[in-house]
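Here you get one chain, nothing else, as structure tokens; it is the form predicted on its own.
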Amino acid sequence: MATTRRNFLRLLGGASAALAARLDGPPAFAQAGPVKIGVLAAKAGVTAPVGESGLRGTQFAVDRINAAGGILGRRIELVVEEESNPKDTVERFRKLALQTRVDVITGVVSTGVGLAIGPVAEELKTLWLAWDATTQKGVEETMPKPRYSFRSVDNEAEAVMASILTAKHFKGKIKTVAGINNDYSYGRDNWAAFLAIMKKLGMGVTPVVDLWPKLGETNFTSHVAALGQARPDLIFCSFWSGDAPILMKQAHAAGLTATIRFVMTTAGGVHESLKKAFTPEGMILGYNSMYFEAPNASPLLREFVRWHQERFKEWPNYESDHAYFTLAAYRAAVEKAARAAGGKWPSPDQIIEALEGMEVESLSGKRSYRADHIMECSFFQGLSTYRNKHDFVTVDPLEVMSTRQIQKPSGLGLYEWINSWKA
């Protein structure tokens, strides 16, 4: 029998009854009204697909939690605002916190916006669970000891993993490299991390050109021409949204994909748009922290992929998992803090203390928050392949690394950490 939404919710309802029976502590708080959760999601420009992915993961989490009785009996009510430029997004953050008076705010994917939101969350003492935006400037954390901000993984984690895989697959096969990355902190951090690791791992490569198109650029004609003139052995790129397939299509038209190796650290975020017609096999392709066809997928991931495909006729990407995790962690923290508070609805400070070190099951597996409020999770990358049922590339073999391997420890600088590696 096909799984309809009605059947799905009925099954969840049964699961919720079993779950409720296991909770031994706090009473329900339904009379207190809904838990209001503010969401800041990109809806326009090249970041729109990522924002939409986060919203889908949010909706899946809310459907599950509400079908299971809400958070201690209180249903979740979403209040969605748009993430755009830093100034306007900060104003919407203040509106959610001060006028709508939400209980918690999630969302934000842009590093530039995250740099602006972090200090405001601390100023307003408003709990902010970021989907993706970090609070790093360059590779230095701007809020080493935040109280109200819980952040995603460090920007450069996917560059670190891609660099390690570059050494694994291409050592001795490349002598020159080129970079094309967006001209802001994320792009520059990734390229710098890649070059540092190439040196540390004794790759002996020479950078021949680095290009910095603006975020949102969609015409790469001049950049592709420059890459063609430089003729590197490998091109490193950290594009993560709608610009990635545009670059690949233009590079393919110029003949670059036939002779040059590619490393795309994060383009798996728009994987369905990486069509076989213009995307090469053998390219290192990163999916950030969730891979929709993971061979060892959990029942939760399989359920989400099925739900996503049935509802949107698309295969999901990692931003859904970032968003799902923030709500799953918030719910678990409220329940944990309420038990510790003797059955009372916990204060924000009590919820924060519960979140620190909290580990929950997310779509991609176990995820947690470190004591410094940074996420821990797994990353997924591999070599692109045409061997699948789709019209776009996937990866085989799939490689999985924990952020405990590819993210700098708390208190260490990125290059201090890389230089501490044993070659």
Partner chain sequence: MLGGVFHAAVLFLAAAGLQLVFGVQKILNLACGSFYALGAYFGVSLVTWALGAGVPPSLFLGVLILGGVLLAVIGPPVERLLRTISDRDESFQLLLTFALVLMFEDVIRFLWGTAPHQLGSVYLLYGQLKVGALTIPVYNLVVIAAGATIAAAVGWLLTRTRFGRLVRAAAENPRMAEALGIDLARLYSRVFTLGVALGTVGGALVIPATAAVNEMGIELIVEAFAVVVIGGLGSMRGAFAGALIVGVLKAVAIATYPEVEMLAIYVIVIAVLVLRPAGLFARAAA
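Residue numbers count along the first chain shown, from 1. As the structure is a prediction and not an experimental result, all values here were calculated from the model.
Omitted from view is the form predicted together with its partner chain, to which the following refers.
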{"item": "Touches its partner chain in the predicted complex: Leu96 (any heavy atom, 4.5 Å)", "value": "no"}
{"item": "is_contact(Ser149, its partner chain) in the predicted complex, heavy atom dist at most 4.5 Å", "value": "no"}
{"item": "Any non-hydrogen atom of Ala44 within 4.5 angstroms of its partner chain in the predicted complex", "value": "yes"}
{"item": "Its partner chain contact at Gln229 in the predicted complex, heavy atom, 4.5 Å", "value": "yes"}
{"item": "Joint contact, Lys171, Glu376 and Ile406 to its partner chain in the predicted complex, by non-hydrogen atom at 4.5 Å", "value": "no"}
{"item": "Option touching its partner chain, based on a heavy atom within 4.5 Å in the predicted complex, out of Asp396, Asp63, Glu52, Glu361", "value": "Glu52"}
{"item": "Contact assignment for its partner chain in the predicted complex, among Lys214, Lys344, Arg101, Arg306, heavy atom within 4.5 Å", "value": "Lys214"}
{"item": "Contact stretch among 328-336, 268-276, 71-79, 194-202 - heavy atom within 4.5 Å of its partner chain in the predicted complex", "value": "268-276"}
{"item": "Within 4.5 Å of its partner chain in the predicted complex: residues from 286-306 (heavy atom criterion)", "value": "none"}
